[in-house]
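We've got the same protein chain twice here, in two forms, each standing alone as structure tokens: structure 1 and structure 2.
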Structure 1
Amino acid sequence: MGKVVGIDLGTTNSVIAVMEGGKPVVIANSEGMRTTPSVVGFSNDGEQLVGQMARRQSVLNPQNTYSAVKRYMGRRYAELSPESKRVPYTIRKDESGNIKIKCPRLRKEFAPEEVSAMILRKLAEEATRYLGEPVTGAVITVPAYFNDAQRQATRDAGRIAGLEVMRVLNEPTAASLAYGLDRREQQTILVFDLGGGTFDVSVLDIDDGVFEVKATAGDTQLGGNDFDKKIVDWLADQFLEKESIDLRRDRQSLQRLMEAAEKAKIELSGVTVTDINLPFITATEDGPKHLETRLVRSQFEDLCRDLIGRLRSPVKQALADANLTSRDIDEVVLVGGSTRMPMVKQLVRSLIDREPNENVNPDEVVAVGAAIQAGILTQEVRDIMLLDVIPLSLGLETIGGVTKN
């Protein structure tokens, strides 16, 4: 049997890790990066590109480059909000009401699971190259609040990629495994996981190798991409007012706005003001038009006030479900690149009244936890027991159509 790996299939970036000598190791890709952009594209020659190579062609070839596909996994077209359909590539519904992603270059359509499978296959190939032996099995992480259809879609993506999906593991639970691997004292921790497309909160008890999830809550349609979209709309509205041109209607302009917004968001985590310069963003009869502006961190925080408000209720819900108060939490673990935003850290401090733990790498910790779970399943890791919860109620339908929980 080949090697079993842990994969964090993310909305923005994906990571793969493996147990080596009893320690989890994150595997770098062929470009030397430890995270691989969750982007799939097809070049002008029809060649399939995954990761950084696909991301590089996204501005010049937006219709054949697909990012943030995780948000469409296991969902019906009718469930999508108008906001989530606003992407530079084309999504449509098939005869059954499922989501299809159009590829003009190949003149065909893909299901979201097929696109995710391409990312998983790339990660498995990188791991095979690193290990020198085939990768046959994987533990793949999902947001804790993914429903059954979304979890099944993740399993399907793994199978299409040629992997035996040994376990679908909740992302906050995976992060807690990585955080608590060497800890033996009893602790109650809260995992705050804000990724590119999803948000989860889990409350866990860790005690001498036993990881017990007490409660979980979340929002599968809230993540860093939504913060980017606030900047995209702000830039587009400014330009519309000044030039009477809506940049969101042009695929290339929208793609450039999205990239500039993500860059500005990242910069504002370290500095209080950032300049956004997009030369030749569009052209009219009068000639080329440029977009030049400056965004201050306080402005950005004002734009995102409603998103920050949406982060509050899952935290309160998870604490209530666990029958705990903020004073009962010993440690807060931040997971996901979006937790680097100062306003997110400030929200966590205000809700839990303690400094968040930043000892773990928010980008890699989920994949590390998945690798540990893979080690548990293959008995490379012993003396650890995981007791997880399901995020949704289960019931049995009895006579008369009544459901008993």
Structure 2
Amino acid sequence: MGKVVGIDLGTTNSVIAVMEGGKPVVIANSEGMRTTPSVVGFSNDGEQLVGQMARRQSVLNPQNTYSAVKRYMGRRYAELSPESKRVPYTIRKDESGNIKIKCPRLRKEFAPEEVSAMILRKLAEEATRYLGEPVTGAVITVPAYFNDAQRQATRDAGRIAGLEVMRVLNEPTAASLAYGLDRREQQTILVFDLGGGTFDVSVLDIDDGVFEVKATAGDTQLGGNDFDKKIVDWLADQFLEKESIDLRRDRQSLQRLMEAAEKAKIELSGVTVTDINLPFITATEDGPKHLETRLVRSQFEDLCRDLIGRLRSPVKQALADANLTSRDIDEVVLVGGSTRMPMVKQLVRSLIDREPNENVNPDEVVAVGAAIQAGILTQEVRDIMLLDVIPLSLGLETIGGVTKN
């Protein structure tokens, strides 16, 4: 049998990791990046693009570029909220009520599982190249709130990608595994996961290798993209006032604004001030126009006050649903690239008076946990017995092959 890898199939980004010499290793893609945007596109030439290349054409070729497809996995069209239908590409309901994603370039339609499979395939190919041996199996992570249909769709995506899906593992469980939190006494963990497009809070109980998700809450429409958008609007409003041109109306300019905004946001996690320079952002009869400005961290934080406010209630909700208070939490685990923002860390500290676990890269921690689980299954990692329990609908799925009611 070939290698078994761990895959974090995220809404915005995906990551693949594998056990090597008893240690989890994140595999970089061919562009040298350790995270791959969960974006699939078809170029004007009809070429399939996955990852950064697809993301780069998202504003210019929106109808043929698919992001955040995870939101549609295992869902019926009728279950979708109006917001989740609002995407730059076209989705429709087929005869059986399932979601289909239109690809005008190829004059085809895809099921969400097929698009996810293209991402999984790309990751598995990168891993095969890195390892020099075929990847045949995977542990794939899913949000703790995923129901059976969503978990099944994830398995199907793996199968379409030619992988044997050995386990579907809850993301908060994977993150806790990456910190070795399973190796201690009974404890209660809060996993705070703020990614690119979604926010999840989970409360887990771990005892003797049994991970039980006690409660989950979150906001499926809140993530790092919203923080980028604050900067985009700030830049565009300034420019509008000065030049009377709304840059958001031009696709090329908007694409550049979005990229610059994300870059500035990321820089402001490390430094307190950043310069934003976009030469030739547009042109008028008077000639080319440039955008040059400076953003200070405190200014950025002011712009994002409402977003930070929206992070509070799911934390309170998850604690209340688990019948706990913040004092009952033994460990806090940060997951998702957006938890690198100082204002987010500060919020977590203010809600739960504990220093969060953040030694493992927050955007890699779930994939690392998935690789450890893959290691457990292939017996590369010994002495861990893992049972992952979700107290959701009837017909509970337990990961570890045991059913618990």
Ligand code: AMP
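By convention here, residues take numbers in order along the sequence of structure 1, the first being 1. Please read all numbers here as calculations on a predicted model, not as lab measurements.
Annotation: structure 1 represents the form predicted alone, while structure 2 represents the other form.
Within the set 181, 149, 270, 273, 181 is the hinge position, where C-alpha fit passes from one rigid part to the other between structures 1 and 2. With both rigid parts superposed separately on C-alpha atoms, the smaller turns by 21° against the larger between structures 1 and 2.
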